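Encoded as structure tokens, the following chain is the form predicted on its own, with no partner shown.
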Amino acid sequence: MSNSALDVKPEITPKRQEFYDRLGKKAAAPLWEVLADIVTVKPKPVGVPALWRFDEMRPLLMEAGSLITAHEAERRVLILENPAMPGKSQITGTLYAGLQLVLPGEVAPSHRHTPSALRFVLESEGGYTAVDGERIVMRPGDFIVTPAWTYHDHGNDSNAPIIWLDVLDLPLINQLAVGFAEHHPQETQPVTLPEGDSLARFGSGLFPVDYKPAHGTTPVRCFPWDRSRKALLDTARSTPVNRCHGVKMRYENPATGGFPMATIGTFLQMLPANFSGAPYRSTDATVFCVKEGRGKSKIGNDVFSWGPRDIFVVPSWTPVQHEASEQSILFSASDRPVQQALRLWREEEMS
């Protein structure tokens, strides 16, 4: 089929429309009327570029904290809805994102569900999450993994609120209609492992000789910010700066060499001061969160200025150019592992 055949819909005549109406009564439809919409010449994402400023979202999150408790809400989260998909609880076609708040003295009760989740911590002076029996103290910049079907709860023993970015594969799980969820018998799960256990056992790159990965998710539950930042900056000292990405690294599952999560890829990149990147596009729509620095990104025809803890989204196959007025570090997440597993992922560095 030529591109022109895929792009053009046949003319609808009265006789054809009468035929289509009869087809509809039989729960059937003509492919040629929708072919250009469902077999696309290039990706046509529903989502659009968007940015959420943390300084604007934080007061709203704190207001939510005065209106409903963490226990009542189950999870007190403000969903970051893509403007093109209101009411869908999606930031991209396959990912959900939100800002979660736990106030001092609160506990968000333990539950588990089929969707996998990541937390990228924005504020914390001693809050914690517990994942599958391991309690993890949350510190700003930490990337924490909650694998599918593992119990998790959150608590705050400090005197300050804890806030983090949630990213889940909820839309993908719901599209496949494979979602399950249930509560733990207790409000908080028993802590059966010492703090830092998974990092201590698996973070060195050494594994028991007979170790076999039980699933595709990393055995390391938390990638601490201090270690991640040091690795990124150490690499930047001896690595050429990519004209599109600056210096970009991906988080890795030390047991497999793949991504930490089977459905969500996670990345960290450093843009040097005065960096002006070349345009780039890829098929994985990407959620970015600014950890350090200030700059702006041109996404398609839109330009967004950003600073610390701001969040923005780049839709699939939409050109993006990053600029940094000072050294900046961006965390990002996308569905790249799924696309690569299905041999569908594409990228392009543009001139």
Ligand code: 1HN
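Residues carry their position along the shown sequence, with the first being 1. Bear in mind the structure is a predicted one, so any value in this text is a computation, not a measurement.
One more form of this protein, predicted together with the named molecule, exists but is not displayed; see below.
Q: Just to be sure I understand the contacts: of His111, Lys230, Arg243, Lys88, which is the one whose heavy atoms reach within 4.5 angstroms of the named molecule in the predicted bound form?
A: Checked against the cut-off, the match is His111.
Q: Looking at Leu80, Leu170, Leu271, Leu122, which is the one with a non-hydrogen atom within 4.5 Å of the named molecule in the predicted bound form?
A: Answer to the contact question: Leu170.
Q: Indicate whether the candidate residues Arg281, Ser316 and Arg346 are all in contact with the named molecule in the predicted bound form, with contact defined as any heavy atom within 4.5 Å.
A: No residue of the spot touches the named molecule in the predicted bound form.
Q: How about His152 - does it come within 4.5 Å of the named molecule in the predicted bound form, if we only consider non-hydrogen atoms?
A: Because a heavy atom of His152 falls inside 4.5 Å of the named molecule in the predicted bound form, the answer is yes.
Q: Give a yes/no on whether His71 approaches the named molecule to within 4.5 Å in the predicted bound form, heavy atoms considered.
A: His71: no contact with the named molecule in the predicted bound form.
Q: May I ask you to check whether Gln100 falls inside a 4.5 Å heavy atom distance of the named molecule in the predicted bound form?
A: Answer yes; at least one heavy atom of Gln100 falls within 4.5 Å of the named molecule in the predicted bound form.
Q: For Asp166, is any heavy atom within 4.5 Å of the named molecule in the predicted bound form, or not?
A: Asp166 belongs to the contact set for the named molecule.
Q: Which single stretch, out of 72-80, 193-201, 207-215, 235-243, brings residue heavy atoms within 4.5 Å of the named molecule in the predicted bound form?
A: Heavy atoms within 4.5 Å of the named molecule in the predicted bound form occur in 72-80.
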